[in-house]
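In structure tokens, the next block holds one chain alone, the form predicted on its own.
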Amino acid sequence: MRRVLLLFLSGVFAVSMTGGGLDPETEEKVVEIGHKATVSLLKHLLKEVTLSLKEKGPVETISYCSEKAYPITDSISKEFGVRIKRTSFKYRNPKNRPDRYEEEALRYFEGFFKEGKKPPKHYVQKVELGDKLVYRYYFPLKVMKLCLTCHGVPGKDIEEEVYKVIKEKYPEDKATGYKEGDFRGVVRVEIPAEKLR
């Protein structure tokens, strides 16, 4: 399990990128907090999904994911004093639809995957939301073999019964048709400016 997570976290990333002209000290703090929160989230989610697939099978895991992923995310957000979100252009749950800043980060990473290049390990933004200043750390996600059970090609990777449940639960689902190694989306960690002081 630990080996799978380490491969997942280290297999695709080499350099960093910052959007918005941050000073090096601030960027370092943002990256440190963002990366720790992301690793914690992915470790928990991967463990839960792997266990659920093994014990309950893919049909039950669809419901399990929709019920358990948000509480886990909220718990880790609270632990780190941040707001975490998983987002993608091909989202399954409308709650995960990207905002314009997230779209910028998604387009940035997507370009590397389309060109067959190794994507950067993160992207950082300084964002003003009304009168509030926040920093956003983004971590790119790629599709692992495990993901294809529910996110692969219907009729090939996704069993008919599983696909039926997905369409019932998420009628506007966009999150299928992937192959192993594709760009899936990002984990976004939003950090309040006051947390960096």
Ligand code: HEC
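Everything numeric in this text was worked out from a predicted model, so none of it was measured. Start at 1 with the first residue shown and count on from there.
Keep in mind that the form predicted together with this ligand is not shown, yet the notes after this line are about it.
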I62, L141 and R184 all contacting this ligand in the model of the complex, non-hydrogen atom within 4.5 Å | yes
Tell me, out of I33, C147, L41, V134, which residue has a non-hydrogen atom within 4.5 angstroms of this ligand in the model of the complex.
-> C147
Is S75 close to this ligand in the model of the complex, meaning a heavy atom pair under 4.5 Å apart or at it?
-> no
This ligand contact in the model of the complex: V153, any heavy atom under 4.5 Å = no
Would L53 show up as a contact with this ligand in the model of the complex if we use heavy atoms at 4.5 Å?
-> yes
Find out whether any non-hydrogen atom of R86 is located within 4.5 angstroms of this ligand in the model of the complex, and reply yes or no.
-> yes
Of 75-83, 91-99, 108-116, 121-129, the segment with heavy atoms within 4.5 Å of this ligand in the model of the complex is residues 91-99
